[in-house]
Ligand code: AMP
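The chain below stands alone and is given as structure tokens, in the form predicted alone.
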């Protein structure tokens, strides 16, 4: 099988690493990829939003399947583009179509969907600049803290949690009237704050059947003790100690099954990963958000725990025979620690040479923001590398990941020293 994987981050490196082990893989292309993915296949310079360019490449290189890593191409309708094209319609796209991708692309769409299918989530209201005064009234009836979410994709920055009513009103006006997040905040969802501990759950579905993947917990804040600015993710662990079998059963019965069945009932064709952002409130699960792709850095702990052939699962999605495929997990724990550029998530420099990657033998190093410059590997993003390790328990896995990070260096490198601190 000849596969094109779209994306360039740690998630894509982990997916490429797993697909490269498949006995049914003939050739792997990664667009645009990074310095790590080029060891596993051929990096190709394609724009993820230029579907005509992708079409030309797919036909010229006889690609049999396209696997979509990030959300943008999905929300922009790459699956629909393939489906509608006579020459491409036989090439399966692993990722939902535009309508289904609204589960991530529109917070209001996701909330309405959950309401229709009785899926537990926080109480909410949706407002536009024309209903700003109603938004103020809604905030006045709520208790702090106040949660404001831009309806559309805002590169992970569209969620604000505010302590005072005055701040909440000011930010609501800024989002709706002053387009703080551009078009993404032309609608804003105001949500009840849920107090609990978060985890991420994942399934892969062909629209009928679904298979569960291992759960994970990621760490979003830049600073130790979960302080400071939000990032794309500073580390992750799997499994999640507080997610016992009873709690995971509740997630499956109250959230996963109603989601997959609800999509089908509404005639929404969903093929690919569904990511459930869950919060545990007094041992009851609630959905915080859906994503229409795998998380990052969660992919870097979940995919190494998958013993099954990932490409075989993708083939099951493409041919609607997922129910016939087996999913087997590695019982060991995995832990990922991200190394990031100094200054991230604010201003940071690129182009710093990375040393010591080859000295790591006991952990997996997934590249996120890197680029090859001849034999040298240079930083090329805010999140640079993910060190992932296996262990008989989380403590062992974390210890190994930190030992790996000690061997790698680049100018102004930064990482959190307390990943997993809250569950150990």
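Numbering follows the first chain given and starts at 1. These numbers come from a predicted model, not from an experiment.
A second form of this protein, the form predicted together with ligand AMP, is not displayed here; the remarks below concern that form.
- Remark: all three candidate residues (107, 194 and 289) come within 4.5 Å of ligand AMP in the model of the complex, counting heavy atoms only.
- Contact annotation: residue 255 falls outside 4.5 Å of ligand AMP in the model of the complex, judged by heavy atom distances.
- Ligand AMP in the model of the complex comes within 4.5 Å of no heavy atom belonging to residue 78.
- Shown alone here, residue 325 lies farther than 4.5 Å from ligand AMP in the model of the complex, counting heavy atoms only.
- At a distance threshold of 4.5 angstroms between non-hydrogen atoms, residue 332 is out of contact with ligand AMP in the model of the complex.
- Of the candidate stretches 263-271, 177-185, 305-313, 157-165, only 157-165 contains residues with a heavy atom within 4.5 Å of ligand AMP in the model of the complex.
- Think of it this way: in the model of the complex, ligand AMP has a heavy atom of just one of 220, 117, 173, 212 within 4.5 Å, and the residue is 220.
- Residue-level contacts in the model of the complex: of 198, 208, 224, 85, one residue has a heavy atom within 4.5 Å of ligand AMP, and it is 198.
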